[in-house]
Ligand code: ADP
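Shown next as structure tokens: one chain only, the form predicted alone.
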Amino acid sequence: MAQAGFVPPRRRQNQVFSALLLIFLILSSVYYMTAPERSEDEKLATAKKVPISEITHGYKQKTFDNIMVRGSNVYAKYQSGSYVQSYKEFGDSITTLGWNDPANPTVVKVDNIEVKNFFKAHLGDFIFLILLIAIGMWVFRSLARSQSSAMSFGKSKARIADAKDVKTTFKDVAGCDEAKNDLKEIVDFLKNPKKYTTIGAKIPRGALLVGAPGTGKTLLARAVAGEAGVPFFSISGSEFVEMFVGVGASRVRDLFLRAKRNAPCIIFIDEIDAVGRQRGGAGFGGGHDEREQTLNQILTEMDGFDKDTNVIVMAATNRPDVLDTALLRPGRFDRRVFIDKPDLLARKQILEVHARNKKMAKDCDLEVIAKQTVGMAGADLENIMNEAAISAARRGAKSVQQEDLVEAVEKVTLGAQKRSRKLSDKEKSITAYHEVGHAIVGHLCKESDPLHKISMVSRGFALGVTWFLPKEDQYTTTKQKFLDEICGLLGGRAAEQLVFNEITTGASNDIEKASAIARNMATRYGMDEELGIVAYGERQGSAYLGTDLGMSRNYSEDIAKKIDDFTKRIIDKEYERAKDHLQANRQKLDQLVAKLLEIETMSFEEFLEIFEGKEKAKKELKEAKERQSAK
């Protein structure tokens, strides 16, 4: 379907051709109406007038080259090229004048001036007729177009990809092996339906792909169509809904009708929660609500498939908690496929997939990048590879280097560098002590994630960054790890107060994160003995939404005070612990800050050389590499 304001190439060519034709007709008409008489006609107009008898005598004497009769005018041309003219009577003809001697070489011709000037005489009528026809055709096409638009208003907007056009297969999908295994049976059914129907197995109506944004739900659906070699209908849930009631239901009927005609095929509805929300809840205006009618039609169509109709409905959502229960029951969406964010091995496989079409240097280590991208989805990893390619092209390099990959990870994770942001010497010093404070305290807290890099270069909204990376993917967290994380977050504030004996706004984000961790320990994880193993508050939103909308309060004022007391007690205790770590290593704190102010960005190895000493740092790094290689 053409977009608004976009003219297809073929229609544009027709418009250009029509315009050129019209211009040609107009110019031709003007030319023929205003063109001057030809030079021959000028000679005729100035010819000497003689009696008709003289021309007859010259004919008999063969002194003329030709004689031309034009109405009552007679023009005779001498051998020399000059003309004479005369007039003949009304009844005179070539025969009566004796100009029909076959032996006479003089050419006698009759010029019918009325026929010759017919085009000029009726040119205005021709132009008017052409313009009238053109206007009629324009009006007819406009009416046909408006009628077609009105008739197609209830037609489905689904985009169809033919089986030959769907090139995506399971080889192009990495990092979700379990989800692929669940969907391989659907592929097998589309290829060999009799294998299942002969044994009594029912045709699967649909599969619901559930996962966070960017995990590859749409890609998986296309891979199923590509593996099965069947047409692929794709549409977004919001495309069913219009301001007019009944249009959505009409589009659903049209979509399923087209799918049945092209069976076997796959219908993919992206963001189905746009029309599949719980009926009777928020956002619905009753039984005649447009979304509710659309949902009812989807339910009816999925139940109304013939047993022999090989049409599979696949849908994707990151809000399964808001979907109507009738949509989720067996017989509608028989399979619910959960797609989680990739782990370390899956991230490496995804990076390798996106590196296929890029020129990569031999020293590129995608495993290192996979370790630095914990918690990222497939779309984030694709973005990192693209940013790395852009960085390499910007430098004028012929291939993507490891430094481009590292810079891309930092840009996507922390934001772009802001070297244009100028800080005063005092602000630089405060920022340096703040970041080194994070690094020292985090390094001394054994349950904290290992230090990766310290930087004074501004990124995003932060004046500096201290980056900790987990050793491996973690799915559970201990209480001690929470405490160590809080202590590390407060290390920057503790360093500022220890060195400058004043408080700045630089630790505002650290305080928010530390407070959130402490409050969750009390309300969600039951980590306070006084509060007990009880969850306080009800979470708003879904784990698959990608954002947490917070907690709604369902506890008393007394419990609220205990939660606040626990949060403050934990924060105060860990803050004192952070200050103790820094006070015990004050000399190393100053040395690290001096080095950071000099080089602006410090790696973990450089940090260890100053904090632990070169020999101890080498030994610790060697042990860390051995542990990593053993895993």
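Source: prediction; values computed, not measured. Throughout, we count residues from 1 along the sequence that is shown.
Form predicted together with the ligand: not shown, discussed below.
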request  = Check, residue by residue, if 219, 354 and 379 all come within 4.5 Å of the ligand in the model of the complex, counting heavy atoms only.
outcome  = yes
request  = Answer for residue 173 alone: is it within 4.5 Å of the ligand in the model of the complex, judged on heavy atom distances?
outcome  = yes
message = So, residue 213 and the ligand: in the model of the complex, are they within 4.5 Å at any heavy atom pair?
response = yes
query = residue 312 near the ligand in the model of the complex, any heavy atom under 4.5 Å?
reply = no
request  = Using the partner position in the model of the complex, report whether residue 388 sits within 4.5 Å of the ligand, counting heavy atoms only.
outcome  = no
note = Residue within 4.5 Å of the ligand in the model of the complex by heavy atom, from 298, 350, 272, 495, is 350
request  = Spot the stretch among 174 to 182, 192 to 200, 321 to 329, 495 to 503 with residues whose non-hydrogen atoms come within 4.5 Å of the ligand in the model of the complex.
outcome  = 174 to 182
